[in-house]
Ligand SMILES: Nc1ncnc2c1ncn2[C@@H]1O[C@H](COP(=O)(O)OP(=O)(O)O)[C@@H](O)[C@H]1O
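Starting off, we have a lone chain in the form predicted alone, written out as structure tokens.
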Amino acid sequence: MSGAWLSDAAIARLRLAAELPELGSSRYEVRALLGRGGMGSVYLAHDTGLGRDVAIKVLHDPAPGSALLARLQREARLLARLEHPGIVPIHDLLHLPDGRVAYVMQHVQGARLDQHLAGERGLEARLRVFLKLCESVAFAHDRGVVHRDLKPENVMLGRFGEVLVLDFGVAHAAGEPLERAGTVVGTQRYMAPEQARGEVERIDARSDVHALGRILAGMLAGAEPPANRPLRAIAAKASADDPAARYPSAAALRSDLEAFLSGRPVSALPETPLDRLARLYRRHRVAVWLVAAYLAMRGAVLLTTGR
């Protein structure tokens, strides 16, 4: 008696098909699993009505009164308020046949920030990416939303230079009730000290600035050419332990970094005469080298002619 043997790949495909959510009579067809998180899973799906691929975040817990259900619905409503090119837009909210809730969002093709940095060592290119990240976070702050879990894994770079902030699952919006004192949310490595201590009433935009400072420090490490004192001072100010010592906003951090890139003084570092000379050299290095080349040529001519 002979039997048919299934390969490991075939078994994996069958297991995945069994795990894909049933979307009922919606116009979306689930194609593949993109990733899993603590609250839900994200799937690649096709919007048959508009003929485009989308991402669908599906809640793990189907219980209608669960806290996770309220969180996902709240995250969907919050994202709907944040219409910005640097924040992944939400398209739809779904109620699945098994009682779970899901929301439909843009499918971003690209790489996470931590993956992108492995292949991009240029200092200025890294800083340009960080400027876009600051712009998106500043927009969220302007709308009264504090992300509270900024980290490279929650930032995506699209194929055409887009820089998008992901996962607002633990974000806090102005006017919402705070968690109980002592509640800790976020990722330890990027978490502001007040977050790590569970001081929920002290968490504000400066807490996100701290996370941005930690991200910037990581982006400066291994960059070419190496980061100088002004850049290290900007990262240190952003990630200061004391919220009062940080930049007051992501916009202020972005402004100081733009000042550095344009050759102007930065607020994070009082200039010494040597710092000023170094900054002026960076700003006018082409002119300095042209003058130096001209003087060298003139010197050579004078030596040759003996005049």
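Just so we're clear, the structure is a prediction, and the values are computed from it rather than from any experiment. The numbering used is simple: start at 1 and walk along the sequence shown.
Note that the form predicted together with the ligand isn't included here; everything after this is about it.
> Using 4.5 Å between non-hydrogen atoms, is residue 112 touching the ligand in the model of the complex?
Looking in the model of the complex, residue contacts with the ligand include residue 112, since a heavy atom lies within 4.5 Å.
> Should residue 228 be classed as touching the ligand in the model of the complex when contacts are defined as heavy atoms within 4.5 Å?
No.
> With the cut-off set at 4.5 Å between non-hydrogen atoms, does residue 42 touch the ligand in the model of the complex?
Yes, residue 42 sits close enough to the ligand in the model of the complex that at least one of its heavy atoms falls within 4.5 Å.
> Considering non-hydrogen atoms and a 4.5 Å limit, does the ligand approach residue 35 in the model of the complex?
Contact with the ligand, yes.
> Work out which of 120, 153, 204, 92 lies within 4.5 Å of the ligand in the model of the complex, going by heavy atoms.
Going through each option in turn, the one that passes is 153.
> Name the single residue among 259, 30, 69, 55 that comes within 4.5 Å of the ligand in the model of the complex, judging by heavy atoms.
By the 4.5 Å criterion, the partner-contacting residue is 55.
> Given the stretches 154-162, 230-238, 191-199, 176-184, which is the single one in contact with the ligand in the model of the complex, using a heavy atom cutoff of 4.5 Å?
Looking at the partner contacts, the answer comes out as 154-162.
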